[in-house]
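For reference, the chain that follows is the form predicted alone, supplied as structure tokens.
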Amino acid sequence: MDEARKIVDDIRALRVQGARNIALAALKAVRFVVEKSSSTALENAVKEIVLELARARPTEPAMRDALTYVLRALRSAGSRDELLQALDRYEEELRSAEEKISEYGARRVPDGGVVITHCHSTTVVNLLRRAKKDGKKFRVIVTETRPLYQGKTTAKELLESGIPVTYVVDSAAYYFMRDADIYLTGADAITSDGYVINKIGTALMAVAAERFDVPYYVAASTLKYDPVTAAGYPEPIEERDPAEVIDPRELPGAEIRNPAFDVTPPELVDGIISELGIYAPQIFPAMVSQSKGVCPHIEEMIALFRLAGKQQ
């Protein structure tokens, strides 16, 4: 369990970034447990690591979907090998979805234009890599993304791919938005009424994008849709350690807040780019339901949601 719990710690401490990467890391932790546990202890060990992973990050419906899948597979698998094969299938579905999102989204990247993005999203980086591979030339404005500077990861990955980058402080987003042709981010969650939950600052930049008539697109797989919001549960906004922002001893007596995410209303989003295609956020939940059916495992997801302490 040591290897698995290290992954849990890495997810909690944001050493693993990007919702897709977090889901894959969670599956890796489960795989460690499946491979190392004895047959008699396997079921309890898997359930234990699933709960630890679910508690690591409050706003990760993609990971929650993966963990719900694990619990279903645990019940139906007749052997350890069948359970490992089920994990392989899920990972392959994630890879396939990523390829389709990159293909569809690359067509929206303007040749000779300027893209502006916020935080770090593996899906967005892969989409931009695909646009470059398709022969498009463009520049990307990347915000630093305080307080943990996830924008540095985005900038480094784009530069390594030969994509020109302009790196700016978060508070310069409005100033540089007027230079952009498209605003592009990932998403940590999408609610049943089309609201987009993403890194704090995303909504503020969406307001700036509307001001300068810059279209805003969200690149996100259908796993980012959170069906528990359709059952009336609000998507929680994680508040992280204030020490990430400033040493509290520097401002004795001050309340220091550090919300990790904000919520962008659907009217500020031009489209959600998923493996199903590009749809308005108001339509996206219906398209997911049409594709997958009304989530047949929503009660399991709600149970995991509540067990993880995300809803009292």
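Keep in mind that this is a model prediction, so the values were computed, not measured. One-based numbering along the sequence shown.
The form predicted in complex with a small molecule exists for this protein as well; it is not shown, and the discussion that follows is about that form.
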| query | finding |
| --- | --- |
| Output flag, Leu14, Arg57 and Asn198 jointly within 4.5 Å of the small molecule in the model of the complex, heavy atom basis | yes |
| Contacting member of Val228, Ala155, Cys119, Leu127, with respect to the small molecule in the model of the complex [4.5 Å, heavy atom] | Cys119 |
| Residue stretch of 67-75, 207-215, 119-127, 163-171 approaching the small molecule in the model of the complex, non-hydrogen atom distance within 4.5 Å | 119-127 |
| In the model of the complex, Ile22 touching the small molecule (heavy atom, 4.5 Å) | yes |
| Heavy atom of Ile190 within 4.5 Å of the small molecule in the model of the complex | no |
| Distance check, Thr222 to the small molecule in the model of the complex, heavy atom within 4.5 Å | no |
